[in-house]
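This document opens with one chain alone, in C-alpha cells, the form predicted alone.
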Amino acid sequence: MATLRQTIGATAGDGAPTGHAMRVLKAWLPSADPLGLVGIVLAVVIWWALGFVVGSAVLPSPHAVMARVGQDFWVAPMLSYYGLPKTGLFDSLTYSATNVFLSVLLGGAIGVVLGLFTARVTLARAILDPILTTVGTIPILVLAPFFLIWFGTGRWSALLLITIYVVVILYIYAQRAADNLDPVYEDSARTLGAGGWDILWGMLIPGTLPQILGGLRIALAGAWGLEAIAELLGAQRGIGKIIEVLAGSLDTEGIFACLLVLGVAAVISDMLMGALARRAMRWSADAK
C-alpha cells in the first residue's frame, strides 16, 4: 500500500487530468480497508464451497445468483405469473428504498427534537420517558400485524412501523448525548449572555451531533430489515413482496438475488451516511 502511494505521488504531476485523478485516488486510499475486501472474498469462497456440499437447489452458486440479478434487474417476466406485472428488482428496490429513507428522515427529525427537548425540560421527560421506553422494549415486529390491520397493505403501514422504530432510537441517542454534555459549557455560555437559541444552535446541536449521527446510522441499517419484513407480511410491492412470491415457488436462486440486491443497497446507503457524517463532523478530531 505504501509503495502504491509513493508511486502515485511520483506520477501525480505528469498532467492536469492525471494529477487530479491521482489526488482523488490518494484521498481514497487511506480510507480503503484491505482486510474488508479480503473478508468479502473469503465469504464468497465459503458460499461457493458450501454450494457443492448442500446442492444448488438449497444454496445456488454466487455466479448463478449474479446472473439472476442481471436477468431480473429491470424486468422479471416470470413475476407476471404471480400477479406482479412489469416489475423487476430495480423497481421493487426503489419502492423499498423510498420507504426506508422517508421513514428515517421523518423518524429521525421527531426523535432528535423530542430527545433534545426532554433532556432540558424535566416535566416533558417525566411524561415521555415511560411511553417511549415501553415502546422500545416491545419487539417492533410484534406491532407489524396490527399496522397491517389498521393501515392496510399499502405504503403507510411500513412507513409508520419504521418511523416508530427510528423515533425511539433517535430519542434515546439525542437525549443521552445532551445529558453527557459537560454543564460547564452551558453555564459559561449563559454567563457570557447567550440566550436559549444561541445555546441550542451554538452548543447543544454541535455537541450532540456525533452521537446523533451514530444513532441515525444504526437506525438506517435496521430500517432496511424492517422494511423487507413489513413487505413480507402483506405488502403489495417491494423487495420483500418479491421474496414472498418466490418463496412460494421454492425459487432459492431468485430469493438470493433479492437478498443480494437488498444487501448491496443497504451497504451503499451506510457508506453514504458515513461519508455524510464525516463531512458534517470535519471540524471534529474524532472524524479525521
Partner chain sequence: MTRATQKRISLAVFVAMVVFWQVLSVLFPAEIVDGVPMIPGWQVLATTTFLSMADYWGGGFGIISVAQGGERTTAAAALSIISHSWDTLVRLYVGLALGAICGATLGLAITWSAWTRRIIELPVEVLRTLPLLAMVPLFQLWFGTYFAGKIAFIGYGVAVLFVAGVINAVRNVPPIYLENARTLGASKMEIYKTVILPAIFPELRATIMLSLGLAWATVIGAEYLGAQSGLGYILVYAQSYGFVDRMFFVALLFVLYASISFALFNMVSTKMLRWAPRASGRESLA
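Note that this is a predicted model, so its numbers are computed, not measured. Residue numbers count along the first chain shown, from 1.
As for the form predicted in complex with its partner chain, it is not shown, yet the points below apply to it.
**Q** I need the one stretch from 70-78, 189-197, 89-97, 124-132 whose residues put non-hydrogen atoms within 4.5 angstroms of its partner chain in the model of the complex.
**A** Looking at the other structure, the answer is 124-132.
**Q** I'd like to check something about Val45: if you look in the model of the complex, is any of its heavy atoms closer than or equal to 4.5 Å to a heavy atom of its partner chain?
**A** No, Val45 sits far enough from its partner chain in the model of the complex that none of its heavy atoms falls within 4.5 Å.
**Q** Does Arg176 reach its partner chain in the model of the complex, with heavy atoms at most 4.5 Å apart?
**A** Taking the distances in the model of the complex, the answer for Arg176 is yes, it comes within 4.5 Å of its partner chain.
**Q** Is Gly225 near its partner chain? Define near as a heavy atom within 4.5 Å, in the model of the complex.
**A** Flag for Gly225 set to yes.
**Q** Determine whether any heavy atom of Val184 comes within 4.5 Å of a heavy atom of its partner chain in the model of the complex, and answer yes or no.
**A** The answer is no: Val184 has no heavy atom within 4.5 Å of its partner chain.
**Q** Looking at Ile172, Leu209, Leu105, Leu84, which is the one with a non-hydrogen atom within 4.5 Å of its partner chain in the model of the complex?
**A** Partner contact (heavy atom, 4.5 Å) among the options: Ile172.
**Q** Answer yes or no: in the model of the complex, does its partner chain come within 4.5 Å of a heavy atom in every one of Leu35, Leu232 and Leu262?
**A** Affirmative, all three are within 4.5 Å.
**Q** Using a 4.5 Å cut-off on heavy atoms, what residues in 135-170 are near its partner chain in the model of the complex?
**A** Stretch hits, in order: Thr137, Ile138, Pro139, Ile140, Leu141, Val142, Pro145, Phe146, Leu148, Ile149, Trp150.
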